[in-house]
Structure formats: C-alpha cells, structure tokens
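Okay, here we've got a single chain as structure tokens, the form predicted alone, with questions on binding and movement later.
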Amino acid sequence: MITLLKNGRIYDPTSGKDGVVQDIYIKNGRIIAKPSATEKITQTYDLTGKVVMAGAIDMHSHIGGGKVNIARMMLPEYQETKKYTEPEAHVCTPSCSHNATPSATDTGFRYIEMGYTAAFEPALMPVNARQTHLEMADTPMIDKGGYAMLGNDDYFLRMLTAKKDQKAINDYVAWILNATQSIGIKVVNPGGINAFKFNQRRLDLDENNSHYQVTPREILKSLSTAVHQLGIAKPLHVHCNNLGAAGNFQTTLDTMSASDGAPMHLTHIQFHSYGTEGDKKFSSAAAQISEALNKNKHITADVGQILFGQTVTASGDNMMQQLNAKHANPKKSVIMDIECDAGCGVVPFRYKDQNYVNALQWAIGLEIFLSVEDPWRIFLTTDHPNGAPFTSYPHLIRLLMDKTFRNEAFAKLNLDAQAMSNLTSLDREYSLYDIAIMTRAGAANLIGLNDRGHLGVGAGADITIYTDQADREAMFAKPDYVFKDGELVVKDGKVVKVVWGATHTAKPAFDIAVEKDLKDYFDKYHTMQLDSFKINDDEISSDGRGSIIVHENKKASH
C-alpha cells in the first residue's frame, strides 16, 4: 500500500528544502523514494498550496511522573477548559485551552491535533521511572521518551566525594540510562535539591554542598563528560542553579563554561536570564544571555516562554519552589522529598500581564528567541506547564512570526515592564523554515532521533500538513492532516484514528561490575531491591500498544 502526498510545499531543513514543491511517497510507515511505474499508488492526497512539515517534536514537556499527578490532584478546578476574560483574553485565544494539567489521554490528543508527533518528559526520576513510563504508555498518538535525573542522588554524590574516576561515573550513568529506559540525562539545580535537605537555601555554582563537599560545577563537569564520552546524542540537560532569582544571569553565564567545551543544553533559559537593574531590582539580561549563546557553539537552550493566565509550576527544584510557594495562586502547594534522591515542588501560579515581573518575564523570553541567531540551537518550549500549557504553542509561534501582533500584545503590558524591555526594537520575524527547524529538525537532531524530524527517504512518516494562513496561530492550531507512522490520524484538526507511539531510548554499554557496589548500596539504603529498580522492555511493550526504539550512540569520545 503506497500513499502519495502530491504537490505540497515542503519545509524540510534537514535536506535544505525551503518551500520546494515536491511529492512524498509513504509505504509501511516510512517515506520511500518514488516507486516504479509498475507499483500501484493506493491513495493520493492533492496538497497543492499546502504547507508540509515533519511532525513536530516537543523536546521538553512535563507529561508524566509523580509531580504531574500531584498537579492534577491539586487543581481539579482547572481540569476543564475555562473561558477567559481580560487581561488573558487578548493573549489566550479559543485555541489555547489553558488546561495546565490534562490527563494522559488528553495530552496525546491535544498534541496530535496541533501536529506534534512526539514529546519528551524532561524530569524522569529514576526511582519513579516505572510510574512515568506507565503514564506515558497511557498517552496515545505520540512518541515519548524521558531524561533521567541525576546530580542530587546520594549514590552519585558519594562517588564524587570519594573521588571516583570518570570511568566509574560513566558506568553509573550508562547503567541508569539502561535501567530507566531513558534517552538522556538531566540535572536540576545541581547539588541544590540535596543541599536543601541540609538546610542550605541557595547554592551557587562554586559553593560546596555542605554535606558532600562538592560543588555544582563539579557535578556539571562530571555528568556532561560522562554523557559526551558515552556517545549519548542528547547533551546533558541542565536546569541551572538559582532558578527565578533576580541576578541569576551570571550563574547561567558561568554554567556555560562548566562543561569545559562538552555539549550542554540549558533548559527553560528564560527563567535564568534575570538582572537586578532598575528601581525594582529585576531586569532583563536577555541580551547578555543571547550574546553568550551566539558565542558558545557547544551550548543549546530551550526558552520556557511564559504566557499569561492560570497554570501550575511543577519542578524537581524544591529549593526554589519552597521560595515560590508564597506566590501560589490558588494558595496551595506541595514541597516534598523523593526517596532521599530528589525533590518535588508543585505550586499553582497565575501569570498576569499587569504584574511587572510577569510582564517582563514574557518580554525576556521573546527577546531571547529573537536575539539568538541560530534556530538550530534554540528551541520552542513553555516548559509545560511551568510557563504555560503546551496548547498555547500556536499563539507563541504567531508572536515569533508576526511583529505587528507581537508589538500590539507588548503595548498592553505593565508600563514599567515596557520601559525595561527592548522588545519592540527587535524586527526579526521567524519564517516557516525557521519554525520547522526549532520544532522539528533541530529538536530531532538534539535528541538523536535520526529517523524523525525530517522528510527524507527512510524517515518515519510522521507528517503534518497545514493550510498557509496569514494568521499563524490559526494555521498551527489546526492542521489539515497529520500522519503518524504513515497512518492518517488527524483530519481538519480532529483525531480520526487512535494510535500508540513508541518510547525512544538510548542504551550505552557499561561494565556490569558496577552492579556489585550498587547492589550493596540498594540492600543497605533503598526501599526496593536492585532488580526491581530496573525496567525491562516487556513492561513497556507487552500490552501490545507500546514499543521501544533504541537509538544508536554516537561514536564515544574520549
């Protein structure tokens, strides 16, 4: 059975195609070369005038795990779509449901309806990995994957204190990736979550964790080196120290040098780009951060844009969430430890355009988007649900592509915040090709999804087709067609067939001898046995819905 997508305008940055009119052929879930004249075309879609892109990939979205479930239970009143009035109404259109904590089923449906075919959970806690995978297994329509959290766990910090060599660190990191079925490694507030348990309330990059006597810089260097030497495609995913604190931009700049040149990804960088200028001692440092990103080619970043309205912040950074709890709206929060290996802070929040700090946060994110020169190294995220629900992506895309629309929204912000931003001086408007890079080709390249994010022969046939509209929000909110692995699953913005995506993993080799020390550690300190900690393939694929795709590592570098 061969499907022909005929005469579409192709935006495929991996092959350099920028609006090229071309046919695409699909067979057995893959894009194939033009078949011979003797092969029968089973069905044809005439896409004349339509925009064709690969399925979009959200490389950072909190879609599973304990914190998400806590948020769902904490905010039952926001499980239904709300109708908003001003001030949200002028930035939240009907296409933005602002349901900050959708169920697993709704998550899959809402993503595919926007043309997204994959999303990655960026904070998979190893001891809770099974729960996260179970939730992602209940998320239909899209591919999934997770980044395992290290850097605050007792076992790893003991290794640094004991001055274990890099090979031992590498074996532990590789073992964690295999045991948790993850595709990358993340560190949140390096050493800070742990330091919070020893009554430290802030931890700077070169400040010792008082218990283990190691610094965040040592943690970052050790983990980024391990990821690089193991050949993991996805660079170390870093949530920097001092999230949300005025003046934290210097920590962010210093963090860029902590990997000693190894690739590193800084996540939700908007929340780490704050200065202390002005009467309110809170200012934009987007220019300094963007300049540093443009200069340091080994660093990538996603923005974590905030948009106005109700959401909930859910983070492993319990140190900073404890400080944020006083701003909770509604007034409820959860700050907790997880098995002495990580933390969790869930705080509902309402971003307001007439609030000075919130309005400036909105502008800072857009300043970074528009000032970072290379769209291959900056990614479109709202850190769902922390900055805004992922359902607001079409609105964010319009802000990036339409300067007039952006400036009209800016003119409605808090006046003091307007005075502290240079946003209106930035004339850049993203093109369709740029959007295809940051939401498709660039994201696939970053994570190491070699057969996704592009439309070349051999790629998985995850394809989204739009009607070209001047209103980019309307365009990206409702694709004409979405194909998942070659099957038509969305037509005119509505799901027409339910499918189940795959789980993407990386499984680097490691010295099995690492399990001897780990078993002793588990027997002495953990609440489960070592073998129960590990997730086998059948747990993900045995129900007949899920499957696992193991991505080959890049050649190890030493």
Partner chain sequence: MKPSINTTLPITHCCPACGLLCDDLVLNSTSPVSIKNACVKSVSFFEKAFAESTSKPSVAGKPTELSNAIQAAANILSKASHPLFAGLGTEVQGMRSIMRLAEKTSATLDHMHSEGTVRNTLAMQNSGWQTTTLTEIKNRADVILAIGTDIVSSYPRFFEKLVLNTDTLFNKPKPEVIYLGLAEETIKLPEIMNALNALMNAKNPLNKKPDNDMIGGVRIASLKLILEKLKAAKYGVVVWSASALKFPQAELTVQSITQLISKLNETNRVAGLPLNSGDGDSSVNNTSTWLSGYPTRNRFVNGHPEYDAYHFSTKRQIANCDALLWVSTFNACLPPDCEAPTIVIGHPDMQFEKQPDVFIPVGIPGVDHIGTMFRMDSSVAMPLKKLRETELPSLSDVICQIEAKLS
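Positions refer to the first chain, counted from 1. As the structure is a computational prediction, the values presented were derived from the model and not from experiment.
Just so it is clear, the following notes concern the form predicted together with its partner chain, a form of the same protein that is not shown.
(request) Consider the chain as shown here, without its partner, and state which of Ala33, Ala509, Met528, Val496 has a heavy atom within 4.5 Å of its partner chain in the model of the complex. (result) Only one option qualifies, and that one is Met528.
(request) Sort through Lys164, Lys352, Lys197, Arg110 and report the residue having a heavy atom within 4.5 Å of its partner chain in the model of the complex. (result) If I apply the 4.5 Å criterion carefully, the residue I get is Lys197.
(message) Given the stretches 197 to 205, 447 to 455, 472 to 480, 215 to 223, which is the single one in contact with its partner chain in the model of the complex, using a heavy atom cutoff of 4.5 Å?
(response) In the other structure, the partner sits against 197 to 205.
(request) For the three residues Asp143, Leu380 and Ser431, verify that every one has a non-hydrogen atom within 4.5 Å of its partner chain in the model of the complex; reply yes or no. (result) None of them does, since no heavy atom lies within 4.5 Å of the partner.
(message) Since only the chain is shown here, I'm wondering whether Ser532 would be in contact with its partner chain in the model of the complex (any heavy atom pair within 4.5 Å).
(response) Because a heavy atom of Ser532 falls inside 4.5 Å of its partner chain in the model of the complex, the answer is yes.
(request) Examine Thr105 and determine whether its closest non-hydrogen atom to its partner chain in the model of the complex is within 4.5 angstroms. (result) Because a heavy atom of Thr105 falls inside 4.5 Å of its partner chain in the model of the complex, the answer is yes.
(request) Indicate whether its partner chain has at least one heavy atom within 4.5 Å of a heavy atom of Asp341 in the model of the complex. (result) Asp341: contacts its partner chain in the model of the complex.
(message) Using a 4.5 angstroms cut-off on non-hydrogen atoms, would Gln131 count as touching its partner chain in the model of the complex?
(response) Yes, Gln131 lies within 4.5 Å of its partner chain in the model of the complex.
(request) Give, in sequence order, every residue of 144 to 162 that has a heavy atom within 4.5 Å of its partner chain in the model of the complex, or say none if there are no such residues. (result) If the 4.5 Å heavy-atom criterion is applied to its partner chain in the model of the complex, 144 to 162 yields Asp154, Arg158.
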